[in-house]
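Have a look below at one chain only, the form predicted on its own, in structure tokens format.
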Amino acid sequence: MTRVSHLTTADAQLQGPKGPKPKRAFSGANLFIYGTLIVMSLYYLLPLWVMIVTSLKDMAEVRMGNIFSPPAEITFQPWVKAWSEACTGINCDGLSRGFWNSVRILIPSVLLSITVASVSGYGLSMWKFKGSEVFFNILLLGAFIPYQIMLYPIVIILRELGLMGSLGGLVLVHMIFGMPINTLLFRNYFSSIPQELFKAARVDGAGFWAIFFKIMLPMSLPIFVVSMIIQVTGIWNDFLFGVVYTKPAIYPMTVQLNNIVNSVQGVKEYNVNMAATLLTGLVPLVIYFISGKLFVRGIAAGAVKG
């Protein structure tokens, strides 16, 4: 018996290890995939590199034309000027005024749109009513209507409501245009939650709001982050609505940036323009990097399932 087991062990050693053969780290397929990823990363990172190094140079060095080279002597004066000294018309307060206008627009727009969309998505997924699918399809249609064809009708509506040229009017516009896509996200996410939880809560006597606050909200952090990132990015980067529905005193940051970059007064200061562009894009970048993992979780958990 002992001899047989020794022979079996010897045969197994001669045959070698079993299981799938490990893949080579530097196979042709892997080299192609990693090479493509590196090229695409450089394609997107190279303009960012040029913006950063240009914003840290003085104009004398910028005029030398070495756009890819790091600054010989780092200066933050372009950033200071872009924030508080750059001129747009008769105003020379840089992006600071536009930044606070954008914050005043962003916070209520995000809170209102996410609140209304989450309740709407919850109602459409868990509390079916007659005509709910028709209502949802009509709402979803709004996500595919180009904004440009609705500019003038919204101008008339805001004028009649007395909100034209105000921050409140722009907040209302962002809330309405954020509704279709966010309602779709919340509806699909809530539909992926097991119906047994909802039915058990109904048996225990929980109503519409009790189920929403005690069951749905604690399970919905990822989709709230997804919706928040989409709204923050869209609202903060918006130029069209900001320039149409507001006035110079309350222009958002993107409109201020356009006015600074396209200003025809004096010398074209490319370092200031680059610094102003980076300052304008800083808020959505920071929010995305902080909550990026939750964004991926929200997408994977059913945000785009239908």
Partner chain sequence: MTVIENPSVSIKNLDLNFGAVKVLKDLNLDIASGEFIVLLGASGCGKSTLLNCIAGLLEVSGGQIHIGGTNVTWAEPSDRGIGMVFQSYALYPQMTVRGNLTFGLKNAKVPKAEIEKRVARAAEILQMEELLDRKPGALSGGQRQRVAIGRALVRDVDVFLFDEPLSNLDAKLRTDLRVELKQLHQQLKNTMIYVTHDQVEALTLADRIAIMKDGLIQQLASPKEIYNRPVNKYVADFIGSPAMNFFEGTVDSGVFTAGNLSIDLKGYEFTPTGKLGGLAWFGIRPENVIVGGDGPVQIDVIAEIVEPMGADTLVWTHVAGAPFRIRMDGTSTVKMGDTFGVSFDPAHASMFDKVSEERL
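Numbering follows the first chain given and starts at 1. Fair warning: this is a prediction, and the values are worked out from it, not measured in the lab.
The protein also exists as the form predicted in complex with the partner chain; that form is not presented, and the subsequent description refers to it.
Taking C87, L167, V80, A206 one by one, only a single residue has any non-hydrogen atom within 4.5 Å of the partner chain in the model of the complex, and it is A206. For the options A200, A72, C92, V103, the residue carrying a heavy atom within 4.5 angstroms of the partner chain in the model of the complex is A200. At a distance threshold of 4.5 angstroms between non-hydrogen atoms, M219 is in contact with the partner chain in the model of the complex.
Contact annotation: I215 falls within 4.5 Å of the partner chain in the model of the complex, judged by heavy atom distances. Taking the partner from elsewhere, E160 is found to have every heavy atom lying beyond 4.5 Å of the partner chain in the model of the complex.
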